[in-house]
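We begin with a single chain expressed as structure tokens, specifically the form predicted alone.
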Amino acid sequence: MPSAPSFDQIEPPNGSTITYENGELNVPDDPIIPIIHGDGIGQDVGPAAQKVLQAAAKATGREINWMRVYAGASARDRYDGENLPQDTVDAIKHYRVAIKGPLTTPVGAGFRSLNVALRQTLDMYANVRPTYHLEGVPSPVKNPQEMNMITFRENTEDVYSGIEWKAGTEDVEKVKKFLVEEMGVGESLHDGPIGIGVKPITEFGTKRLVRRAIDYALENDRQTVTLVHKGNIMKFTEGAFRDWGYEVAEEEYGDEVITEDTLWEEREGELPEDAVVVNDRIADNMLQQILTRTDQYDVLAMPNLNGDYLSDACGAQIGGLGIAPGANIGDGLVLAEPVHGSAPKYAGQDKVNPTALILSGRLMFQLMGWNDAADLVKDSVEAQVASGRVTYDIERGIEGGVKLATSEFADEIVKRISS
């Protein structure tokens, strides 16, 4: 395996390096995996998740060599005020698979968001969120078990591009003048102060995301990939996302993938067992569909803003973002992370639920090809929740529950894994 690079303030542990060849991660049984515990409650959920994941690795004959790296508050203490040190970026690039807790972007940090900065710096273009219900978790819907979707949200374009101009500035007046005088759109702009933003959606960015979604569906026996867009209104951005997505399906996969039109024209609507069906839905309608026809959807692929709304709405149906896992994926790179924030008012109290970070680690294992370890994590977490011995957020919503601290909850999961 390749030797570790020399980072200025990080001592690499013993272990082997994950490599990337021919579009595949090559994962040894003793990988070095960088971990950022995170800000706020990261100091509680980070170590809790770490010991659960290590236990699952050991139970399946493997060993994780954790490498602490830093971002946010923990980085500022070690890197003279830096929020995102180059050491951290270099470590994730080199070791290829990493996991992080929540980060808080401080005022005046120079970033809109530390999380977004990491994704864009590393070109992790797909934000992936699997949403499934754990037995015993309180939910606002009657049949939360019907939710079993995975969302692929484009991670570098759309609103994440950050191209906008503030009302009252010289720059926004230049843009406004161009739009009015050169592009002839003055009738669309009201008088007075105006903020202007641009939402780029490219063929390149769209197609690599949709490819990821279709590949996932094929590899994991999912039947549908749904392109979610607002192309009925935004025809040249979100409408283009839809069209480019269909081009990928029709031109690159042969008989493995069919479109919904083909499904009805040639198969009379009968879902095939041997192919993935690609269809599309308008974004606002899809917000209804995930409630009214939950079990009819498998994989959703969408531009950034739609993905933000839809993935959070899916998470609400299975009990909230506190248990929702996620990961950011690039070519040969994985950064697993929970969906929730850093909740600084609970920091250091050993009370919050570490499930989202633990299940993000489960997703990390799946992307590494460690499916046996991933299944062990999910089964053990679900058994723990079903036992009623849980952290306060779940305990307060169930009858006869026993409240555990973050560390106690993790320790009991470890016992289940090791038994």
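Sequential numbering from 1, following the sequence displayed. Since this is a predicted model, take the numbers as computed values, not measurements.
Beyond the structure shown, there is the form predicted together with a small molecule, which is absent from this document and is the topic of what follows.
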The listed residue (His340, His133, Arg281, Arg211) that reaches within 4.5 Å of the small molecule in the predicted bound form by any heavy atom is His340
Picking from Ala48, Val352, Leu363, Ile36, the single residue whose non-hydrogen atoms come within 4.5 angstroms of the small molecule in the predicted bound form is Val352
* **Lys100, Asn115 and Leu321 each touching the small molecule in the predicted bound form (heavy atom, 4.5 Å)** => yes
Margin query: Taking the small molecule as it sits in the predicted bound form, is Pro344 near enough to touch it, meaning that at least one heavy atom pair lies within 4.5 angstroms?
Written below: yes
> Do Ala56 and the small molecule share at least one heavy atom pair within 4.5 Å in the predicted bound form?
Replying inline: no
Review point. Is Arg396 a contact residue for the small molecule in the predicted bound form, using a 4.5 Å heavy atom cut-off?
Key: yes
(Q) Considering non-hydrogen atoms and a 4.5 Å limit, does the small molecule approach Lys207 in the predicted bound form? (A) no
Only one of 83-91, 166-174, 115-123, 194-202 sits within 4.5 Å of the small molecule in the predicted bound form by heavy atom distance, namely 115-123
